[in-house]
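So this first bit is one chain, no partners, the form predicted on its own, shown in structure tokens.
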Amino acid sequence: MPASERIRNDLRDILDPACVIDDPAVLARARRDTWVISVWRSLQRAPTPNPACVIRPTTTADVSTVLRYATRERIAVVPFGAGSGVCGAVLAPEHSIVVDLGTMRALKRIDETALLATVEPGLLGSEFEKALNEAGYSMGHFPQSIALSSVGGWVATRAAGQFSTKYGNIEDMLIAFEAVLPDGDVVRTRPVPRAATGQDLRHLFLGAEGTTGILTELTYQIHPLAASTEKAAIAFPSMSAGLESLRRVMRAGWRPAVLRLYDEIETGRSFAGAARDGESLLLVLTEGVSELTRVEIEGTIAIASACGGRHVGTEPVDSWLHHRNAVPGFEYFLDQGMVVDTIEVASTWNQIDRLYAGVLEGMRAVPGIMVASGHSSHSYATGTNIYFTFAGRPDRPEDLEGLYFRIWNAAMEATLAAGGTIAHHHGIGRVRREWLARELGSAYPLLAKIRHAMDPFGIMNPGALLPEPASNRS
């Protein structure tokens, strides 16, 4: 009996058979995320090995049953949230089991006194936020992919949202969790404001990309809906001047929900007419109680003015708010013979100018590059990120992947040379994997030891984050 057929039969014996899906269309969708290279390869219609099946569990017990079986039989398991990842973290090997959590999507409870919401991992972010809004609350987490990503996927990739300067990133919002370990054991943590009870176990799953187990329940901090909002757009003579303004705003202790600084290329492309040629544009949005928002916007504008900024009204902020969650598909560009992608990195303030200039210089030196630009969207007292966008067109379609990886190589090398981190919030997947050891240095073996301790047989999402164990390679 073929391996995949045997796996399906075994799983139908121990689960509700309706949970075990082998429809070719479902397998094709769940075997990958939206990494542009996976999309490109799918468009080439080359033969692609499929997983044995997709499992759609409805309970934590279902997930536990699947993982106990997979560990016993040494079968690879790939957790699947909504498939919106862009780094190749989901790429299911042949004869593997994909656990699609989209059927576990309940908002279990909202604690209005403790400001907590408990939810299952498969709920889409936009659906979660809508339900919170209807109850008078918000999570404050707004990734661009909010309508395409799941609340469990946010933890798996260590996500950041557009309002992170005020509300923090996903690691600041996750309070407690339930998860199933690779051997099928279920673990739960307690929702408390803080604990000094040994290592923080949340971080075994934050950013793990499904390599340490499967999250089945999450408890997040929430916030009452903001009573007041203030906005401003500020033009700067250069990206460097804008970055210095961001540094001073953060140093002063102001925390607007949104601080987005676009370089001159992105300003001209997305906000034509809002600034002069060659200027960079900063969008500021502050929200909360009216007494705070008023002084915070005034304080931010004052610092920006001292750095050469020019207040240009609020219309660019309104325009961004209207379009901010539009996620263009890669297929259109690939059909035109172009490859388009984003690369988000970060560094401390004393190195950010070097990182920004170095990455752009490196990418623009790659033959076939058409355009490369960047903006800052997540700032901290210690530094900020740069979110680069590039487009390239090879001379021949068969050279598209080579061009793509040469551009990525230039960006990663320049980031490491500037002392930055190779990933701010999209994770590692497969696209960044070869540079992870160089960033972590002497800490890299510790990451591998943790993974081996939790998953000694290497069944959990092999090939994502860390290289696939040698024993699993064909």
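It should be emphasised that the depicted structure is a prediction, and the values quoted were computed from it without experimental measurement. All residue numbers refer to positions in the sequence shown, first residue = 1.
What follows is about the form predicted together with a further copy of the same chain, which we do not show.
**Student:** Is there a heavy atom of residue 398 no more than 4.5 Å from a heavy atom of a further copy of the same chain in the predicted complex?
**Tutor:** Close contact is absent here: in the predicted complex, residue 398 is far from a further copy of the same chain, nothing within 4.5 Å, heavy atoms only.
**Student:** Can you tell me whether residue 383 touches a further copy of the same chain? I mean in the predicted complex, with a 4.5 angstroms heavy atom cut-off.
**Tutor:** The answer is yes: residue 383 has a heavy atom within 4.5 Å of a further copy of the same chain.
**Student:** Should residue 157 be counted as a contact of a further copy of the same chain in the predicted complex, where contact means heavy atoms within 4.5 Å?
**Tutor:** Residue 157: contacts a further copy of the same chain in the predicted complex.
**Student:** Look up in the predicted complex whether residue 119 has a non-hydrogen atom within 4.5 angstroms of a further copy of the same chain, and give yes or no.
**Tutor:** Heavy-atom contact with a further copy of the same chain at 4.5 Å: absent for residue 119.
**Student:** Among 316 to 324, 343 to 351, 267 to 275, 356 to 364, which stretch sits within 4.5 Å of a further copy of the same chain in the predicted complex, heavy atoms only?
**Tutor:** Every other range fails; the passing one is 343 to 351.
**Student:** Does every residue of 137, 212 and 439 put a non-hydrogen atom within 4.5 angstroms of a further copy of the same chain in the predicted complex?
**Tutor:** Yes, the whole trio is in contact, each within 4.5 Å by some heavy atom.
**Student:** Going by heavy atom distances of 4.5 angstroms or less, which of 307, 369, 206, 258 would be at the interface with a further copy of the same chain in the predicted complex?
**Tutor:** Contact with a further copy of the same chain in the predicted complex is made by 206 alone.
**Student:** Please tell me which of 61, 43, 28, 416 lies within 4.5 Å of a further copy of the same chain in the predicted complex, judged by heavy atoms.
**Tutor:** So the residue touching a further copy of the same chain in the predicted complex, by this definition, is 416.
**Student:** For the stretch 43 to 62, I need every residue with any heavy atom inside 4.5 Å of a further copy of the same chain in the predicted complex, listed N to C.
**Tutor:** Nothing in the stretch sits within 4.5 Å of the partner.
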